[in-house]
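The chain that follows stands alone, in the form predicted on its own, written as structure tokens.
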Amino acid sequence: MTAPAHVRVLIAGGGTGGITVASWLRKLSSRLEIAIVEPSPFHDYQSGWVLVAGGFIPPEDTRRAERDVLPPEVELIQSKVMGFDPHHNAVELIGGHRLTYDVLVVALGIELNWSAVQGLAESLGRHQVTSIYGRRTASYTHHCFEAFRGGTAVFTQPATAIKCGGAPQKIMHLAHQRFEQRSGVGVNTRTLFCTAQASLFPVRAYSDKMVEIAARHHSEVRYHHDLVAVDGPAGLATFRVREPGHSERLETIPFELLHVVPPMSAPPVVAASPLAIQPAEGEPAAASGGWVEVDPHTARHVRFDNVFAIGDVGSFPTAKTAAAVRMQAPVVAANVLAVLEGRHLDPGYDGYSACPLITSDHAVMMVEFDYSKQPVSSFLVNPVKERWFAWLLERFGFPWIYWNRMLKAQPHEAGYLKPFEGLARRLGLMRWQA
């Protein structure tokens, strides 16, 4: 299909954020001209890859054709954004095609930098080196768990921002359970969680609970450990250790299984553009992170009034999750229309994000919070607790909600679900809050 020369609303990226905001725009304005630029013919439910790794669902359940999840009468331009020119309301696509817009929504997600760890790209998917941050390697992770016969299992988390901050621990807890189930047949396991961070989670109440869960599973947690090199054939992982008050050092840990969360960053095409956060004077460009610089409540760019961002690519100071996208999308859509119609913007996004932390195949802690960095709950219960019903939601509810509610812009209030919405309204409550 030949790309048009101009569209009213252009969405760069057809992942979770791009599809969801397109659906909200179509819901709010049935005749609005909308186009999505997306190179992939497929759309993946990436949150489902941990369920694939755990052996709960087949990988095909996490993928659909991109065209099948598009809202009605939204044009799909199967190309790739190669550059942004917001000063002239234009983007450049592969082949030099230039496309102009009235309003731009950037939804390009986050870049996974496998090559930033020496030897990782060569070892990944072999030698018991794996990751749930890829469709193919999610299946290989399940194979690794089944093939594991004891020894040291290492799980990593990088220093950078990542998709779903709880995911590195989710997969470790599922692995622990698999190994424990085979402990009677000679599986002697040591589990290490090596994180470059100073804590297990930025919200203290959840972090403290995560420490307790790791201790219950006899998992050793090592802070300030950033993976820098992998030797798959030799089974060696090397970390840069930067402990406060100590000199920087390298530490090499032998492993029988290594699960890696790669360093992540803003897509290079965004980081190199005028849309990126501007570094402070004298600061290198990389120090700013390269994210699209937006107002955290309206999602509008701070320098370009007709540009918005949604999801991982934005500079929102909260966790990068599908739950955040779900709450951002109606705000972004309403504000896009406000710009087109010359109205005031709605500062309606409060930083809500969530990550269901799987702790076993029958328990999940529903990690929900907002810009206050305090626990909140869409279910009017204390969220700092593992619950069976939350596991049922993670296993059965959320995949259905993703395909049938979220991507189709079905109305919601706070969080993933409001099972007691009527009662909550009568009581004047929206969420449980600490």
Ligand SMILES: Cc1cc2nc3c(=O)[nH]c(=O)nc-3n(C[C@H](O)[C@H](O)[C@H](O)COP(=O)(O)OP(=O)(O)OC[C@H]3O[C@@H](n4cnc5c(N)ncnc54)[C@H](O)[C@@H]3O)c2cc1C
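Residue positions are given as counts along the sequence shown, with the first one as 1. What you are looking at is a predicted structure, and each value in this text was computed from that prediction instead of being measured.
Another form exists, predicted together with the named molecule; not displayed. Remarks below refer to it.
So which of 210, 99, 120, 167 reaches within 4.5 angstroms of the named molecule in the model of the complex, heavy atom to heavy atom?
Result of the distance check: 167.
Between 221, 175, 271, 323, only one gets a heavy atom within 4.5 angstroms of the named molecule in the model of the complex; which residue is that?
Of the listed residues, the single hit is 323.
Does the named molecule come within 4.5 Å of any heavy atom of residue 47 in the model of the complex?
Because a heavy atom of residue 47 falls inside 4.5 Å of the named molecule in the model of the complex, the answer is yes.
Under a 4.5 Å heavy atom criterion, is residue 368 part of the interface with the named molecule in the model of the complex?
No, residue 368 is distant from the partner.
Is it the case that residue 201, even though its partner is missing from this view, gets within 4.5 Å of the named molecule in the model of the complex, heavy atoms only?
Because no heavy atom of residue 201 falls inside 4.5 Å of the named molecule in the model of the complex, the answer is no.
Using a 4.5 Å heavy atom cut-off, state whether residue 124 contacts the named molecule in the model of the complex.
So residue 124 does not count as contacting the named molecule.
Heavy atoms, 4.5 Å, the named molecule in the model of the complex: which of 337-345, 190-198, 310-318, 246-254 makes the cut? Say which one.
Going by heavy atoms within 4.5 Å, the stretch is 310-318.
So which bits of 117-151 sit within 4.5 Å of the named molecule in the model of the complex, heavy atoms only?
Heavy-atom contacts within 4.5 Å come from 132, 133.
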